[in-house]
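One protein chain, two forms: both are listed below as structure tokens, the first as structure 1 and the second as structure 2.
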Structure 1
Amino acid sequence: MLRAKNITFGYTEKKIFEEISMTIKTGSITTLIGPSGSGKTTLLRCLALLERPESGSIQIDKDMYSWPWPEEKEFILPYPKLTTVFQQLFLWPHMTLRENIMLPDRLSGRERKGARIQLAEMVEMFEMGDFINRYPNEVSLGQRQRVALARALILQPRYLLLDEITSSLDVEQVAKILDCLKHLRDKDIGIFIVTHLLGFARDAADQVAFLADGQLMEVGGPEILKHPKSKRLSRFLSIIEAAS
């Protein structure tokens, strides 16, 4: 499992969050919600070890990372065991979508025989057959989202961290992404999703976490979005409902 314990992160004297603890299990989906500016993406980047907390620890299966990190100790990212897809997607415009997906396998220096079989399976799962040989600027945002997911999966990670991957998608595209994520969960991948869509957070999640005011205010099953226990989550849900 991926487990964060008492991690704190901030810039100079400003703390973004303090002493956050949470667990992401394989074969499950955790969604993270909260107000804008509450540090959701920063927390994801810490879990992905792309940002280093000031204190606390992150355990990824048997690998332990603790802070402050000793200067003399080499810092090795747990890629591809853990991989991340950001809202910007970062697809190479001069490569076809097929080439984008296969790039991590090629850069690994292995070019596994099974990678092409795996690609064929993902083309079917993500319904990419009609556009897989096009370039990024020739397809829709929703199609690019699916390509970015496939590229993240080509090296078979155990943990997949996703930052607002449904932003700017229509309802039909969100539903397709949701189906894909549930399929990946059933393959025993641990998935962590930052999202501002409460319906998506509820429908996708085995576990929902609410981040606000530098703290995880509430963590539980999807039912907490209907029956919150904390006043802070209740107020947040009321504001969202009033604005919709």
Structure 2
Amino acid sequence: MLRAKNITFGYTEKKIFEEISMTIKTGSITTLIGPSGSGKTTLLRCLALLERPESGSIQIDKDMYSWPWPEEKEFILPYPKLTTVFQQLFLWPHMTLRENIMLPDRLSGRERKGARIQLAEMVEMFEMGDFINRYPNEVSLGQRQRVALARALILQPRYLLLDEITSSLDVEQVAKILDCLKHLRDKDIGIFIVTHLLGFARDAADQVAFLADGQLMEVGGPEILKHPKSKRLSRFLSIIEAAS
């Protein structure tokens, strides 16, 4: 279980969010929605331990991380048990897409025989066969997004944090990736996804969280998108639906 308790994050005086608590269970999909600039990506980075909150704690299975962090205590990173796919993808430019996917697995020392088979399956599933041997700058953003997801998946994480990874995909690819996420949930992976896809949140999420004005305004099942309790979420949903 990935559990955040009362985490507060800010830059000097300005708080991005305060006292956020949430739980991401394995075998579930949690979607985080909210207006631009509300701190969704920062919250994801805190959950991934890439940003250190001012206060609060994050528990990843049996490992507990509390802030302020005691100086003498060793900070054990939870990767790749927990891994992240960023909106900007961050594929390494000097390697082919195949090398991008395989390098972390190869260096993990696990020497998994199944990695190549898994890669072949992912190549087929994400239709990457035509471009897998090219370099990141030689393919489209949508193709890079699929590769970034494949790079995370081949590590067989227990928790997968995704930041707007479907933003540049066409409808067909989005559907494929969302199907894949449902499939991963069935494999007992805990998925946390920052998204604007309300349809996906409604259909597939087990938990939906709405972040605005530095607070988690609402957390609950997908039904909160149909019957929002807070005015802020209501307004957000009406704006999104009007725009779409």
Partner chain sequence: MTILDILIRYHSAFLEGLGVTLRLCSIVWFSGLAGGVFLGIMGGHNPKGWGRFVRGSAFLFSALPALVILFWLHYPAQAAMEVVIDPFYTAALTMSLINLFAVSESVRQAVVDFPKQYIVSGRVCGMSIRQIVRYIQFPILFRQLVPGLMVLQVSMLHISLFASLISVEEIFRVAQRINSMIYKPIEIYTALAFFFLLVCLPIHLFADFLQRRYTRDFSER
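Think of the rigid core as the biggest set of C-alphas that the two forms share within 1.5 Å after superposition. All values derive from a computational prediction rather than experimental measurement. Residue numbering: sequential along structure 1, first residue numbered 1.
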| query | finding |
| --- | --- |
| Structure number of the form predicted in complex with the partner chain | 2 |
| After fitting the core, A204 CA displacement of 2 Å or more between the two structures | yes |
| Flag for V123, CA shift 2 Å or larger between the two structures after aligning core | yes |
